[in-house]
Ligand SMILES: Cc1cc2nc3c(=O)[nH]c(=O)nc-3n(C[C@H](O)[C@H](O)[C@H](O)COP(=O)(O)OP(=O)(O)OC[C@H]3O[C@@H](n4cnc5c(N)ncnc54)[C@H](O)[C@@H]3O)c2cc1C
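There is one chain below, alone, in structure tokens, taken in the form predicted on its own.
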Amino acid sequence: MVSPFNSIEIYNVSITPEHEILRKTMRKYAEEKLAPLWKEIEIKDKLPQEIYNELANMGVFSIGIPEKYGGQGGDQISKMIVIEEISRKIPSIGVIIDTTDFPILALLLWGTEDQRRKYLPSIANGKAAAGAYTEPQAGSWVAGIQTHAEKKGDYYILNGRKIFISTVEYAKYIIVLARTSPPNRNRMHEGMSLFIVDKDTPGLKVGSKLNVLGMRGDRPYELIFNDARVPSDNLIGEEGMGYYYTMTLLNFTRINIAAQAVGIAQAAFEKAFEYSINREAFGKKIYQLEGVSFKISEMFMRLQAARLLTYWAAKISEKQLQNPDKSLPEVALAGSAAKAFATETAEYCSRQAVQIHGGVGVDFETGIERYLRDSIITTIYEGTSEIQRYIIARLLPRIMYGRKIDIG
């Protein structure tokens, strides 16, 4: 036994020649097309339409969608590679890929064939999508949502408010978590359902854009539902299963954020290493100073560990795609570990990159401090680092001993 797992076979992560071709392709595009645009995107807080169209045409938003639905297929590791390489230059694009993945996976795992054929080709063709579950009083505590959906004839009438919803600016469709039965004080997670909603639905208003710390180019919005009429055919899976579906989907999207964080950490490491090799102070290259070179060494170690952990979690998540209605604690465990470690690595590497650059590190014009801003965001959305540790602590006894231990 390799605690908490039964065999070391779980650590088998295969990287293929196709993965490397994909990485080189995305690296080349990011270097040539995305890197020169970072300042424009930071200032305008919007992705240029021509770049969005190019990414859509490349199939970036359709990674994981089967070819029969208009996508380009690809496994979970392929998705990580794309997110990592793009986030290395423009982290906010990684957000768009991640949030679009939420509806894609919801449809693939629990959608009807009619729903898949209706929505997946459109998404694969560049119509981004988003997931709306967070509310003012329900962030990490998803079970606390109040948005509700009342069945009336062939429609559900949605009322409520969502907040911190990413990719709204680019999205055509939004997967919404809402209550379809009154909350039970003792079982708050029951009675929720998932719906796919067109952003143009009457009664759905896009509210304020939130001026958060980072991720300029795709900062979040609030959504307001006021008697929004959603066809009953837009219910995803079974009524009342929305909370469980959402928790499963987050097991996937947290790994996406880990990949985004790896891209940020890689960029920060490269910038700091290059600067330390060329910058002179005290009569020598600052890389020759132990205080600097040890920081670089630490960044390197954490970065490699974060990447391996992320790819490992992505590989394990493939099991969930084959078992959509089965609880697989090892998927959640790996995803939470990857998300917490990779995002904290991104924050560490970005902070050290700023420190190594000194004064120029805090100057917007050099493009270094933006990685620190973006890395902090990654430790918060899709579940804070504290929530990831809670999930790990809750699951370990279940995996190792087959029993539940309450965690305060």
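Model, not experiment: these values are computed from the prediction. Numbers follow the displayed sequence, beginning with 1.
Keep in mind that the form predicted together with the named molecule is missing from the display, and what follows is about it.
- Site annotation in the predicted complex: the residue of V212, I286, V206, M188 reaching within 4.5 Å of the named molecule with a heavy atom is V212.
- In summary, among the residues F273, F164, W312, Y244, the only one with a non-hydrogen atom within 4.5 Å of the named molecule in the predicted complex is F164.
- Comment: 127-135 is the region of 292-300, 198-206, 127-135, 150-158 lying near the named molecule in the predicted complex, near meaning a non-hydrogen atom within 4.5 Å.
- None of the heavy atoms of S327 is located within 4.5 Å of the named molecule in the predicted complex.
- In the predicted complex, the named molecule stays beyond 4.5 Å of every heavy atom belonging to A340.
- Using a 4.5 Å cutoff between non-hydrogen atoms, T25 does not count as a contact of the named molecule in the predicted complex.
- The named molecule in the predicted complex comes within 4.5 Å of a heavy atom belonging to P220.
- In the predicted complex, the residues of 374-392 lying within 4.5 Å of the named molecule by at least one heavy atom are, in order, I377, I380, Y381, E382, G383, T384, E386, I387, Y390.
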